[in-house]
Ligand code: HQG
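The data below hold one chain only, encoded as structure tokens and taken in the form predicted on its own.
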Amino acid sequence: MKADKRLVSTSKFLSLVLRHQPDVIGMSLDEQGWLEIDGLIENANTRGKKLTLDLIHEVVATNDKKRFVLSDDGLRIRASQGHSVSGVNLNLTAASPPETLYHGTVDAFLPRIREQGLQKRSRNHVHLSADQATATNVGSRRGKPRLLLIAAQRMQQAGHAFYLSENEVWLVDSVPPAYLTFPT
């Protein structure tokens, strides 16, 4: 079934604002990454992006990746993870990962990853998946996907902290090459 273009467009816009550039609508995220929904709607509409409360609620409810979450009182919204905005602290609690986690990438990045491991680069964390299908899907966004296996429990035993976001994406500061298995 084809995705509703309006929902996809709104989800991409919310990802931009809530993960990377809240300033495109003249706003700033608070320390936990929240934005007031009323301000989001007003500022987006003023800048030509049509948003309504119902549309935001529909995007939050139907997003298959559960990228966004509403505050308990329903007045604020934030991205579940993936921030490149500095200073955002999602107050995640360290969690014990499964034995193996996965990361999807493409051939062009493999030489750098073999040398440096997985780095968060402009984001606050490296994103890992608990299942191969999700990681493969993520890797396919930039071409033919390559699946990397991460020895997550070994990493944790060596002192690396793992976090599980609200939408079940595993987060870590970096993955050194020694904990990676590369495709053959």
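The numbering used is simple: start at 1 and walk along the sequence shown. Predicted, not measured: the structure shown is a model, and the values here were computed from it.
Another form, the form predicted together with the ligand, is not on view; read the next lines as being about it.
- Taking the partner from elsewhere, residue 132 is found to have every heavy atom lying beyond 4.5 Å of the ligand in the model of the complex.
- Within this chain, residue 118 lines the site of the ligand in the model of the complex, having a heavy atom no more than 4.5 Å away.
- Using a 4.5 Å cutoff between non-hydrogen atoms, residue 27 does not count as a contact of the ligand in the model of the complex.
- Contact annotation: residue 123 falls within 4.5 Å of the ligand in the model of the complex, judged by heavy atom distances.
- Here the chain stands by itself, but in the model of the complex one stretch of 63-71, 47-55, 154-162, 34-42, 63-71, has heavy atoms within 4.5 Å of the ligand.
- Residue in contact with the ligand in the model of the complex (any heavy atom within 4.5 Å), chosen from 85, 113, 77, 90: 113.
- Contacts between 132-146 and the ligand, taken as any heavy atom within 4.5 Å in the model of the complex, involve 138, 141, 142.
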